[in-house]
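Take a look at this single chain, the form predicted on its own, given in structure tokens.
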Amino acid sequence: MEQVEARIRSSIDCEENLLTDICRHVIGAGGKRIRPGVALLSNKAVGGKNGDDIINMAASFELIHSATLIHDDINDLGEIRRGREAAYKKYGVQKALIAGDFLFVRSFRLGGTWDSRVVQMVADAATAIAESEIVQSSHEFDPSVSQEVCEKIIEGKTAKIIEAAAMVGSYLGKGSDDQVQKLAAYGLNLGMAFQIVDDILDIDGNVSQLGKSKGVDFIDGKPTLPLMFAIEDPQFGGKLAKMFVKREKTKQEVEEALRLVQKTEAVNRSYKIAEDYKSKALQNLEGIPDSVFKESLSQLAEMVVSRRK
């Protein structure tokens, strides 16, 4: 991972210092680095010895993720990202957009020299991110979004890129077709669990650990599993729905809404679904040879759903 970080830093250096500064602002804020971690571990779990090549691919996945964060904040008008001022707030929308595009290009420069199958895996995941953002935006402030649609959004915006990281990592490690498919399924289910827990933490997480305010999804009218489940509640759902559809919400309304959500079974229901996805992820590790890398993938799945408050 230290080598991946070094590769990321070297990849964002360019002749335009401001462009490099914007990228450093985003990437230097940290993050969990789950995508490159999954790529590395999946590669090693099948006996991969790619060395420099897998480091490039792992860095590529993090650059894609960072690019999407810049664009997400512009779309959502988010002000804080990982405890820092959002790039577009600090540098302006135009320059932030250019930086996001630059990160995408740098990503494909790192990972685009591989065969067509690898390029297709990454391109499919990037496409899914864009498609899910459109689906999510079309359902903003809609209190009747189904569980199926919520999970479809999660799959596209988060899970598919983690699936691709596991798939590419194991493919480059010369894993068998069965191993590549199992690890891809592991990544997809891990990503689903990860995002569901993230959505829960937006309701009852610790602000100092989140690096941003709570209730952002509610303010922005984003349909998430815990919010939609809460709106189904026979006692509090009607009031929550009326507040959810409002384009402008007061701080008091947001605080009241979060309290009401916590009075329902929405959080517990959502955690149960996240646990189910975690179990599916672990099941897909069966058949992968025992190693410290497989064990780390298992521990990662456990960690993803244990992030409470």
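Keep in mind the model is a prediction, meaning the values are calculated, not measured. Counting begins at 1, following the sequence as shown.
Unshown form predicted together with a further copy of the same chain; subsequent notes refer to it.
Is residue 229 part of the interface with a further copy of the same chain in the model of the complex - any heavy atom within 4.5 Å? Residue 229: no, not in contact with a further copy of the same chain in the model of the complex.
Does residue 142 reach a further copy of the same chain in the model of the complex if we count a contact as any heavy atom within 4.5 Å? No.
4.5 Å heavy atom contact, residue 89 and a further copy of the same chain in the model of the complex: So residue 89 does not count as contacting a further copy of the same chain.
In the model of the complex, does residue 131 have a heavy atom within 4.5 Å of a further copy of the same chain? Judged by the heavy-atom cut-off of 4.5 Å, residue 131 is in contact with a further copy of the same chain in the model of the complex.
Given a 4.5 Å cut-off on heavy atoms, tell me which of 248-256, 66-74, 27-35, 44-52 is the interface stretch with a further copy of the same chain in the model of the complex. Careful reading of the contacts points to 66-74.
Just one of 122, 203, 154, 188 has a heavy atom within 4.5 Å of a further copy of the same chain in the model of the complex. Which one? The residue in contact is 122.
Output flag, 85, 265 and 298 jointly within 4.5 Å of a further copy of the same chain in the model of the complex, heavy atom basis: No, the whole trio is out of contact, none within 4.5 Å by any heavy atom.
For the stretch 88-103, which residues lie within 4.5 Å of a further copy of the same chain in the model of the complex by non-hydrogen atom distance? Result: 93, 94, 95, 97, 98, 101, 102.
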